[in-house]
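Encoded as structure tokens, the following chain is the form predicted alone, with no partner shown.
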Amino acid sequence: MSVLMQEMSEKALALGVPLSVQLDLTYRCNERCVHCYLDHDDHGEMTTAEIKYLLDEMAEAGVFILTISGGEIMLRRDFFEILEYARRLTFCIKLKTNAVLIREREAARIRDLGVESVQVSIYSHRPEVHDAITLVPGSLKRSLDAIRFLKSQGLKVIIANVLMTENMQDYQGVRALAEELGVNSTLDPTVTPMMDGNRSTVRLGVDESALKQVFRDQSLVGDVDEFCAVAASPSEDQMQALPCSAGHTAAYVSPYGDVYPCVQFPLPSGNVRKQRFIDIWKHSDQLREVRSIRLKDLPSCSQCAHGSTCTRCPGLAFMEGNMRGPSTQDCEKSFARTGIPSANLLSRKPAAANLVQIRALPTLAGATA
């Protein structure tokens, strides 16, 4: 994060301003990604007029960064009407799309409207792997053709890759492809449960050995010893720290007007078809509860050795049943990173976790000596 964005975030937090919002225009999609957490049927999307009214409300509330996503945003016939309206309100706009419907005309309009960035998901550099994940033959070629064209139009493109069992061996190939194309890339090892609570998608997540491989890849993490080190117990300042920006300076709005702290935190907090966005932001009981939580308030995590370095997502914890509890997926990341199991993992698999801990101790002792 740039110094300017850090300063803006701190000021937004102090003033209670929703600095960043992700707005999904639709859950409909022309791909059927095996790990997707959305229901792709249309259950009554907001109309063009409703979305414009919401954009007015968000601008009034102080929203600066607007991420427009889906589903596939280009399936909305009014997409460019919405985009043009949002730019007139001077939002800094980021788009998320699979880009397969973007041709020369669409790319030129996106460029001319001054969009900040376009994020495109690429799961593998191999068509047989990427297309097997999207379930659409030829989708890799079409997405890459669009990326090349967007780049030729001077647009900032970001390749996003979700790490799964299906593409575990391909993340370096995707990074090399991004370098060849001259675009940035991201890698996320978290497969999100479906928004309705169905956790069947989680089975696609990579296992401990694969996570260890990623966390020890110097090209990804930099100094491996530093990245994988076991941190000291959380300081008093860290105990008072916010879990993340969700509900504090960021929010998510669904195609049906539902407001949540984050797209990965599906806690219903209001609906813009019934209330003004700013009233939900300021007065929602659910958002107030989210904002009340600090590390010190988490019974398990506040006592954990990983408390100060864990990437615990309160949304993932919520989808496990308790927003004040641990996120097992994040516990598994910390375990893969350090070799030390959390209390949560020990309680779930005590025999296996204790064995791993015993095996890890000589290495740690040797390193300390």
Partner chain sequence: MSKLYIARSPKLAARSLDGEMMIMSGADSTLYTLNKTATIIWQAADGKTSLQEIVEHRIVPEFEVEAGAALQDAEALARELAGHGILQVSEEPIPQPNSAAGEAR
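Residue numbers count along the first chain shown, from 1. Quantities reported herein were computed from a predicted structural model and do not represent experimental measurements.
Not on display, but discussed next: the form predicted in complex with its partner chain.
Picking from 164 to 172, 113 to 121, 217 to 225, 273 to 281 the stretch near its partner chain in the predicted bound form, with a 4.5 Å limit on heavy atoms, gives 113 to 121. Its partner chain in the predicted bound form is not approached by residue 37, whose heavy atoms all lie more than 4.5 angstroms from it.
Residue contact with its partner chain in the predicted bound form: residue 87 places a heavy atom within 4.5 Å of it. For the chain shown alone, residue 294 is not a contact residue for its partner chain in the predicted bound form, no non-hydrogen atom being within 4.5 angstroms.
Contact check for residue 56: a heavy atom falls within 4.5 Å of its partner chain in the predicted bound form. Only one of 310, 63, 304, 51 comes within 4.5 Å of its partner chain in the predicted bound form through a heavy atom, and that residue is 63. Residues from 141 to 165 that approach its partner chain in the predicted bound form with a non-hydrogen atom within 4.5 Å are limited to 156.
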